[in-house]
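Take a look at this single chain, the form predicted on its own, given in structure tokens.
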Amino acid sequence: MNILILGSGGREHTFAWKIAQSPLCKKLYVAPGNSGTDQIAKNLEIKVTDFQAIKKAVLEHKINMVVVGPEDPLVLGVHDFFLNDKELAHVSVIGPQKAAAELEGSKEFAKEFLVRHNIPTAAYKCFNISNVEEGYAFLETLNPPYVLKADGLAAGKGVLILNNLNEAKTELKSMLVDAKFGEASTKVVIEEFLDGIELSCFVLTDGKNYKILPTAKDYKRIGEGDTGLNTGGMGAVSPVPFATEDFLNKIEERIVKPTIEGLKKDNLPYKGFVFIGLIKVGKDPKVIEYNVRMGDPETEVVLPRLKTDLVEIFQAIANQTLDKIDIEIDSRAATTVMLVSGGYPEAYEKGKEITGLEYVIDSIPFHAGAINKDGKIETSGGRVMAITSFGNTYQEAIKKSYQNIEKLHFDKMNYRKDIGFDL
């Protein structure tokens, strides 16, 4: 079959790398793609939210399946667009429909879903411009740190964790009154701070059945020791060493099962990945957030561990026969370290040539913010490349990633040297 992947990051390069290995994939396209996908698929110069251009490409290239990487097209209803178009309705789309994508599109919607289905999460309240004063009063009832979340999509930057009450009040005003995050912060969720260690759980569902993929832990902050500004993710480790069998059972029974049942009860049509951001508080898991697609850079450690044909899994999702598939996982650990542009996550320069890729051995470089320009690979984004390695332990894997990073270079290249430090 002919397959189109939407997106341009490390996640999409990993999808392309995995899908290209399948004998079921005849031709592979990525829109818009990057320098990594360019080597194994055909890149199409199309924005992920330009549904008419996507339609044209799907018809022109006789696409049978579309795999949606990022959240924006899902929240905007790309799956519904296909279902409602006679010429596209036969094409399988991997990703939830718009109603279900609200789990990521709106923090308030997600919190209401969690509470309705008795899924453990932090206590919260939601505020808008009309009740800012009530928001201040609610902050006064909480103990620091204070957690403020823009309700809508803010490209991973809409969550603030603050230790000072006055600063929290100022930021609440900045989000609601001064539209700090634009449309995304017309509503703000304030919730209690949960003290624990974070991890991510990834679930595949066809709307009826589910399969759980390996857990992963990513590192969001730019600085060593988890300091500094939040980023899209600086590295990841899979499996998560502290996720014991007993803890994984708790996740499945208390969180995964009620989530999948809740989607059915609420009539939220879902075919794709459910990414559950979790925190281990004491011995128990609680939900921080839902995402309606795979994470980045977690994809770069979860998918490489998958031994089963990914296209076969996607077909089962499309046909609602996921219960018939056995998913086989590589028992080795996988780690990834993200190389980023100097200055990221704030202002950074693009167009820096990346050298040394030909010397990388025993690691997989997944390209993210990188493009092929006149035969040279250059930086085109903040998070440039994820270097993934396997090992019998995560320490062994991480060592390989760092050894290979030493062979790579671009101007002002930056990365965290302590991925896995807290495990």
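Position 1 is the first residue in the sequence shown; the rest follow in order. Quick caveat: nothing in here was measured; it's all calculated off a predicted structure.
We do not show the form predicted in complex with a small molecule, though everything after this point is about it.
> Identify, from the list C126, I288, L162, I251, the residue with a heavy atom within 4.5 Å of the small molecule in the predicted complex.
Contact residue from the list: I288.
> Considering non-hydrogen atoms and a 4.5 Å limit, which listed residue (A122, A99, A154, I260) is close to the small molecule in the predicted complex?
Of the listed residues, the single hit is A122.
> Out of the stretches listed (178-186, 325-333, 142-150, 205-213), which one is close to the small molecule in the predicted complex, meaning heavy atoms within 4.5 Å?
The contacting stretch here is 142-150.
> Going by a heavy atom distance of 4.5 Å, is I313 a contact of the small molecule in the predicted complex?
Looking in the predicted complex, residue contacts with the small molecule do not include I313, since no heavy atom lies within 4.5 Å.
> At 4.5 Å between heavy atoms, is K107 in contact with the small molecule in the predicted complex?
Flag for K107 set to yes.
> Within 4.5 Å, heavy atoms only: does E198 come near the small molecule in the predicted complex?
Although the small molecule is absent here, E198 would touch it in the predicted complex, with heavy atoms inside 4.5 Å.
> Flag F193 as yes or no: does it have a non-hydrogen atom within 4.5 angstroms of any non-hydrogen atom of the small molecule in the predicted complex?
Judged by the heavy-atom cut-off of 4.5 Å, F193 is in contact with the small molecule in the predicted complex.
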